[in-house]
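As structure tokens, the next two blocks hold two forms of the same chain, structure 1 and structure 2.
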Structure 1
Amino acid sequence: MLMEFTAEQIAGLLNGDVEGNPEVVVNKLSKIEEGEPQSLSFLANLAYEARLYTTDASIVIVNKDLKLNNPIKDTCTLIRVDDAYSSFTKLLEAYDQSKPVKIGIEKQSYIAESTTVGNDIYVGAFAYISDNAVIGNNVKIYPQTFIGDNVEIGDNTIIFSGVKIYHECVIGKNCILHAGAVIGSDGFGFAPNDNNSYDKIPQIGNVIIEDDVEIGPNNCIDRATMGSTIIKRGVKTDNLVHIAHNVVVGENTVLAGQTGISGSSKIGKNCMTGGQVGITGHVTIGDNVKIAGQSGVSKSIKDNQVLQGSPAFSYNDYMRSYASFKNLPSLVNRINELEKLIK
């Protein structure tokens, strides 16, 4: 919980102006539509302005230039700042950082003697760190995590409970790996043999996750057959994302929930996928590409495209075709009619 703060104190922190009761006290943060007494909220998007006049929040942070078109409640005090959204985010971060920081090595963990560990790390009970791992400073390894042989983890990275990192993988600095993510499992590589069954192709590569990456819970990122599967700096993945062997995901690309990328495909920088997008193997996606939810990309794509469909093509063209698809039965009727008229 936040300690208690007055409107005046918060205005001071944010360099803002109080409009209302400077003595009113808050002890938690809320969305404006869920505001209640003693909570602090914000209004940034004017589409939701109506909520300002009905909220029970005790304090609402708003932009300096906001014009009130209705009276606000007596119980509501405004703090006017240059940018309500970023001011509120600053408070969110302060709140988040007020939580106690885990530190120390809990007794029931297992750390191989050959492992090298940095300063100020946390290793929870039942975490397992294998031979020759290298753990940076200030790394937090939660309970029941598995760190394989020769794995490297950069400074300040957080590995939540139950993450499994296979041998040889490399995790950068300032990363967050959420619970249950699997990094470096074998790529899905099999060669058909003469018995109508498959021989396993050994997967001797690894996974490299660069700095500032956040990996969602229960993601699966496979090691390369040879070389590396690479998740570049600043990538963010949502829940249950599947990334196959030898894939490269470019800087600052964002993959929404349940996205799947097949083997050896290269995704550019600053791309975005919607939920449940699938990308086939051995294709190259350019930079700044946006792919609508549930689309399936079956070929290489140039920079700056926006796509939809399975197989995917231009978003606008897809939506036009889909509008006609909805009308197909009436279209068929019109063709029937034309045929009758002509005969």
Structure 2
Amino acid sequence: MLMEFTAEQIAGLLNGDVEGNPEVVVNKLSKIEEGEPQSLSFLANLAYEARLYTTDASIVIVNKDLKLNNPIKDTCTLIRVDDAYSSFTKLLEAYDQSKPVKIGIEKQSYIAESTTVGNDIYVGAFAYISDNAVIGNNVKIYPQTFIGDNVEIGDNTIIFSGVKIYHECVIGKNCILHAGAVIGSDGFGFAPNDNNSYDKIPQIGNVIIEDDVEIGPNNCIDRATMGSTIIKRGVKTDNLVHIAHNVVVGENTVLAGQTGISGSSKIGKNCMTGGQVGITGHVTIGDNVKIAGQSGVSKSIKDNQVLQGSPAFSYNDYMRSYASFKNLPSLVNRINELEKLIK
């Protein structure tokens, strides 16, 4: 539940214009299709425009340039802003920051005497922090988390329940690691021997996660064989992402669920992958590359490419090829008929 706010107060926070009753009050948030009285919603995707005219939400945030095609309900007040999506996000951030802040060290947790901890930290029950770790100010470590030897965690970082951070890894400031993430497990390094089995190659590197990174639940980021696996500033990953040893992921790149990146590949900055994208090892992906879901990348890609398919190639070429591919059955039938006529 939110505190109560009027449309006029919300418009003042968002630098928006009220269209309707400025005194109407809301105390909760809702999706526009599930709007109910005293709730605040927003419309950013015009695919949901029809819902605007039927919603029971008391306040809806919309873009200033939105033209109404039908009348809205008398019980609904609009707040017009430059960007409805970013404005609603701003409200969500304010709501999230209004929650009580956890501070203190709960019973049944363990912090090694050699560990250095900052001010205003939170450590949940059954968390284990190993020797010589360095924990910054305002770090939140939730229950059942493991922090290995010599790990460094920067200020204002949140480590949710069940995260495992192996020895020597470095986590930057203002990061979020969601439940179940494993940072710094061994890279997949094995050498075949004369006995048709495999010898394990020691993985002596680490993982470095720079500032402002968010790692999704159940991600696995492997430590480098030598040197570092590096996740650069501003990277965001979805659920179930795997990043192998010695990979470098560039600034502000976004990886959707079940993306897998094989060892020693380099991903540029400002890239995007759809779900279930696979990238083979030892390739370089340029900056500003977009890879559609379920694509497989087996070679290096230059800057500013949009790819789809497995193996992936130009998105426009893929769509043209797909248009031909789905017509193959009828084309085969036509060829068979022509062969019959020729005979």
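Each form is matched to the other, and the largest set of C-alpha atoms that superpose within 1.5 Å is called the rigid core. What you are looking at is a predicted structure, and each value in this text was computed from that prediction instead of being measured. The first residue in the sequence of structure 1 is number 1, and each one after it adds one.
- By the stated condition, namely the form predicted alone, the second structure is the one that fits.
- Superposing C-alpha atoms between the two structures reveals a rigid-body rotation of the smaller part against the larger of 12 degrees.
- Core fit done between the two structures; CA of residue 49 shifted by 3.3 Å.
- Core-aligned Cα shift between the two structures at residue 17: this is 4.3 Å.
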